[in-house]
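Two forms of a single protein chain come next, each set out by itself as structure tokens; they are called structure 1 and structure 2.
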Structure 1
């Protein structure tokens, strides 16, 4: 059992939580539920939704699923309200470098936009470096940042192992640095990360509950649109499987394909999966680009409908939420990976690091909640994490 003390979600106060909890009841009251009607599938998903982690119906079904492999340092956060915005910041007047894994992905675009707002509010100069999900580009960015000599760096590693020498180069250049999202393999500097196993497990729980309600007696055949070799992604995949098999013990994984974590690679990968295994009726995308690539693949073969099966993912981006809100869509379960929370936590942590109030072991472990697939639940999530200008 992993000991955890995750930070609560920044924006889900009492009112928002009440909306999320009550919305499934509201939708159920407004729309009669039919397990076979596409127009009612969203209501069924909302009524089967739960914010609680499910327990396995058959412990043997999940006994061989690996536990968390990305939580190298556990999930206990340093004391403090890391998600609250301060009146003043030690970053004011400084030159800050922010790296992102790829601006083409909605999560990192939202992270960058939150940082732009912070730079304007607290009057510091921000330079953003796009890694484009490419190892060579990330390495070049590291060299360029060091040459530019900013006052501090918020660094998004592309890989747990490759990030170690990259961080060491920053430290050798005597530039304060914190990391966010992917955890470096070694403890070198303060970091912000999330419990991907637990977050995806809640996705699996809700996807499994919906599958049981929508398709009683149907055998679940699972496909994964994956991004291999990242411990964080391994936790997402295994967390989902743990949650889903907790609800549907007889489910089997048919195939896992490499979708690259970006939509233009996820589409052909999902197409290959569906062509090779037409019996697949459950697909988990390791992020929204993976699930949206699957949406396009389903549409291309005429299977995009609420009666096909269940599509689930982790992220909660605007495009993903738009599809989940479509009553005709099989996209019915998601946990939200919060870009606003990552931006605010990294901002506060970097400020504390500049002031030398942290150590290399200081960490912030964020939680990310399941998103209620009702209109009210989706709206509450987007307003908190993906605000429009």
Structure 2
């Protein structure tokens, strides 16, 4: 009724045309501004980026954040350059078994591809066993490997505790073994792992620095797309918070939701988070699937733009990087979980183990490098860690 009074029938067409024309003018006027704002945001993200860990502006703001829980043996690496590839390898001519948690994930697919390249280069036979992220399949793989009796094994545990008897089985079969990625609960063999807390802390530092530069004076409200049953993920979350609150001491976590670590579950979880707390302007995804689910959720509610806030994650896989490279995206901070480094370090460690140059306590704690969000930075990261065939 009110509308009818304000807008008589005969003027509907004229009014619609006027609104359309006004909208077109507005859109034309705003398009360069928003495009400029987006490229400006990308430039800000690149200029506020640092490869160094930040120190807390207010130590009280981070005092209650728990420290690392997954690093059972500390994070001191055995001396040596474990990432440099040697001219010759003790693995040449040998039969090597490599297990991966799941080839469906870009990280493990890249690890496997790096190992295939190493096998070609150093002329050893490689068999890859896919754990499919399933405890039963991993156990079956363990039995199959022992039956096959390879010369050495690079083993990716699915779980810190369940891996202990599996490694003991390898050792009982007298097969040299090193583990990579998830760290076994007991010290049984040499191992490669990453410092999830420190790696995510650098993501938090860069996300916080960008937030301060892009949204000065705005209160930061954090949402987390989580996977709340793994110690490594707890480290990622707490590391991010430590880094972000070091830069933005007044930031508040409003909610964590369970995104399941996969995109189709992260999407509804992130949608619920954004419904429950429309004020959220910072979201941390515990991996790229979580951040990509958030991207889809932001798109669905029309908030996907550089002016919405900051999206940050850890992983550094191709799909995540493709979104971070978009100038319109709020995805502006990421640390890379380096598949190339894991493959090279495990390869070198396995070689040393075959030569009996290691002890069960030998460990390599890898860095978790922050990725420069500029096109050159993203490209350099992908080229080194996710080379395309």
Partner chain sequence: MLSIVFRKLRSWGRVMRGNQLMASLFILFVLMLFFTMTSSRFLTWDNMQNVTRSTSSVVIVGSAVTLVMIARGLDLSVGSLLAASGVLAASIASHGTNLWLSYLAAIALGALFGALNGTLVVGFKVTPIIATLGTLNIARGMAYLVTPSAILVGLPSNWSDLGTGSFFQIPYPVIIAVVIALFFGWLLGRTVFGRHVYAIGGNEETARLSGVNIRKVIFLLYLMSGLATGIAAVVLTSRLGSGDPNIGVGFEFQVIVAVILGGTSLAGGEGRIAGTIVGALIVGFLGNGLNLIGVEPFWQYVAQGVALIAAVILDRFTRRERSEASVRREVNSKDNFDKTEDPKSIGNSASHQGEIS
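Basically, rigid core = biggest C-alpha set you can superpose within 1.5 Å across the two forms. Positions refer to the first chain, counted from 1. What you are looking at is a predicted structure, and each value in this text was computed from that prediction instead of being measured.
Working note: structure 2 is the copy from the form predicted together with the partner chain; the remaining copy is not.
Once both forms are fitted on their core, the CA shift for residue 124 between the two structures remains under 2 Å. Once the rigid core is used as the reference frame, the Cα position of residue 281 differs between the two structures by 2 Å or more. Residue 160 is not among the residues whose C-alpha shifts by 2 Å or more between the two structures once the rigid core is aligned; its shift stays under 2 Å. Taking the core as reference, the C-alpha deviation of residue 307 between the two structures is 2.7 Å.
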